[in-house]
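So this first bit is one chain, no partners, the form predicted on its own, shown in structure tokens.
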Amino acid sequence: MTTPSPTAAVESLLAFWADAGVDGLLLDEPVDRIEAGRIAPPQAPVRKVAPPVLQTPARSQPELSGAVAEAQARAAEASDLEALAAAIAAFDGCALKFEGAARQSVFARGRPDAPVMVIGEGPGAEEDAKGLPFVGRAGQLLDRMLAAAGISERVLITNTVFWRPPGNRTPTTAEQTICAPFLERAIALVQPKLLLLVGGASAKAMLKREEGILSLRGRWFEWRSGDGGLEVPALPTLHPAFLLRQPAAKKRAWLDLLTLTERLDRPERRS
């Protein structure tokens, strides 16, 4: 058998590669890939990554403290609810006034000497338009519930904040803290016997507790003013907006109202 010449062998191999679609070489010199695989590749230098820079909150603590101090001063000057409503309307320390409210502040409606203060979380679009709390669908349900319990003429209704949060979101703790001096002054002026805290945002803010409303509702607590000089029994209950979404929960809210009215009409003990 005749052995092909090296030239013929190379030409045959090139013809095979051409038929396979190979039309070029990557290197001028051959590389032994097996031998190259035995050599460890060089280690890439380790780069130190700088820690992330934390963004400064939009409202710093000194600004929050200043807004609270201004609210306390303005609230203390109010001798009645009408003056307090004017002080709230003129107050610029809460960002909600410029972020969420389209028209005006929303303070309160009801009797100025009511034995029960109903405190929700914040106004919505209809409340912002009319300047009164709880006048939308949830407010209409609340009114029907209060009327059924026989106390619709014995309440003053307000919120933990007095301007509509953007998109009807839940008020932040900072926003509620800034508005708290006005709410405390309202309680001091009205001198209610009982507080009805409507919804989780209201109950948590007023009672300084972390439990959800389903855990807090139907239980009596003592609300205390910031200086500790005023204490009022407080009963958390479900928000009527929640009841519109979960009608089956109305029974629990009704039981809460019965608990409230029973204590409200309970004869006071004489020493």
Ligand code: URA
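Just count from 1 along the sequence shown to find any residue number. If you're wondering where the values come from, they're calculated on a predicted model, not measured in any experiment.
The same protein also exists as the form predicted in complex with uracil (URA); that form is not shown, yet it is the one meant from here on.
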| property | result |
| --- | --- |
| Contacting member of 192, 100, 133, 110, with respect to uracil (URA) in the model of the complex [4.5 Å, heavy atom] | 133 |
| Partner-facing stretch of 120 to 128, 182 to 190, 89 to 97, 72 to 80, counted where any non-hydrogen atom is within 4.5 angstroms of uracil (URA) in the model of the complex | 120 to 128 |
| Residue 239, heavy atom within 4.5 angstroms of uracil (URA) in the model of the complex | yes |
